[in-house]
Ligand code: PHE
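Read the single chain below, which is given as structure tokens and is the form predicted alone.
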Amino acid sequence: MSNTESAHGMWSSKLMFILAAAGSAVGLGNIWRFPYLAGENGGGVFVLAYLVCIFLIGVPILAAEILLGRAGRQSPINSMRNLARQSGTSSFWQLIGWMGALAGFMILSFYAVIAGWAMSYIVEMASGNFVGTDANRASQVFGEFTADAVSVVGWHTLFMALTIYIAARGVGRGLETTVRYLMPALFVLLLMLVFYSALATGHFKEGLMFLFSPDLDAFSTDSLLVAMGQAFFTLSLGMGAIMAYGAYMPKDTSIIGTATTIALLDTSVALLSGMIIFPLVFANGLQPSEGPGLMFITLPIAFGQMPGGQIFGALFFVLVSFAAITSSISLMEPAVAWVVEKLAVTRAKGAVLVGIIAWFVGLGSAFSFNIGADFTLLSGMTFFDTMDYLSNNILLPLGGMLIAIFAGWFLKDQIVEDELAGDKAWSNLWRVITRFVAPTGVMVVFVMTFL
């Protein structure tokens, strides 16, 4: 196979790769998790710590994952097997590809369930169901929806069908066409909602203070670990998606420069989301709460009390759905690419096969909120919580750490030099950080999750 072309197709330009990778990184976590963590862990101090972690841990591992993908030009599993062979090292390292594909698949199965909730709320908001609502009514609507297994599975099925359709169309007609339109639309929606929040809430300054004011008393060692963990997880590291996308990246594109741009776009979405959410929350005397409660209970109350809230609330959930779909297609990509290579089937058949299996596994998560709520696995956790825990707390950090170690210590020097030819000024610094700083940082977060 040519070292400059992937059998699965290629991004048409550097911009398309950046949009695709940023789309993979930007997801549900950016919309509510980052702003909440910043507000509760020291505001501006947390944001600064997060940015330091992004550039000391996130960007180097992101660059390493892109490098491995572009050097291998196949699915993450086969790329890692071939790169280990070329580097004269153990076939053990192909485990990185398997772990990434498995983590992406597991995340996709339950991610599609939550994304289905977001799609259903476009309809709920647009129909006026939350106009003038209060906390009891918003909680009741959310509770009744998640308790209805048929509705939850229906929206889960619709979201998975969209993901399968896009993935089946291939890199050019499917993935690239989607991010070409959805990512600019996502940023336009973000800016529209920021202006709405600034003009209609009367509490924009209060929201900015909550998000950016440095509060040293609220910042602790735990806050630093939270910042490090968020920096790692927000960039889609360790789940095979970036490696799969890197396989379709043009040869003449700067890896480190591109990784930095992706990180900046991802962080921008998180910060803009905070500028949207917190003025809305404070304008209605509400308390910001982490998790589904913020997105599906608190914000509908806020939009329901605001001028034009019916329209802009619906737009907000369109934004969330856009972010979800650009992430879901990347989560599916490692498994689809491997199935196409392994079984020698068409792209469409590979996407349908992977999608149906992910949909079926996702039923366990869909039922975790209703008819299967009493079914528990690890330490009394529901099926949904178990999938979330195993993928995010074990597979992703372990995969990211192994990526840094392999790229920094075991990958053949000539391969690294060839891939970073356009990054000579930064390649030595990247190598030092990838060998020592990044794996140590990830290991600290990994160990602390079990203490």
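Here the rigid core means the biggest group of C-alpha atoms that line up within 1.5 Å when the two forms are laid on top of each other. All residue numbers are counted from 1 along the displayed sequence. All of these numbers come straight from a predicted model, not from anything done at the bench.
The same protein has a further form, the form predicted together with phenylalanine (PHE), not shown here; the description that follows concerns it.
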Consider the chain as shown here, without its partner, and state which of 130, 111, 159, 296 has a heavy atom within 4.5 Å of phenylalanine (PHE) in the model of the complex.
111
Phenylalanine (PHE) in the model of the complex has a heavy atom of only one listed residue within 4.5 Å, and of 239, 366, 247, 96 that residue is 239
May I ask you to check whether residue 30 falls inside a 4.5 Å heavy atom distance of phenylalanine (PHE) in the model of the complex?
yes
Even though the partner isn't displayed, in the model of the complex is residue 438 close enough to phenylalanine (PHE), meaning a heavy atom within 4.5 Å?
no
Give a yes/no on whether residue 434 approaches phenylalanine (PHE) to within 4.5 Å in the model of the complex, heavy atoms considered.
no
Is residue 233 close enough to phenylalanine (PHE) in the model of the complex to count, meaning some heavy atom within 4.5 Å?
yes
Which single stretch, out of 382 to 390, 411 to 419, 22 to 30, 41 to 49, brings residue heavy atoms within 4.5 Å of phenylalanine (PHE) in the model of the complex?
22 to 30
Which residues, if any, of 328 to 352 lie within 4.5 Å of phenylalanine (PHE) in the model of the complex when only heavy atoms count?
330, 331
Superposing on the rigid core, is the CA of residue 351 displaced by 2 Å or more between this form and the one not shown?
no
With both forms fitted on the core, give yes or no for whether the Cα of residue 338 moves by 2 angstroms or more between this form and the one not shown.
no
Can a Cα shift of no less than 2 Å be assigned to residue 233 between this form and the one not shown, given superposition on the rigid core?
yes
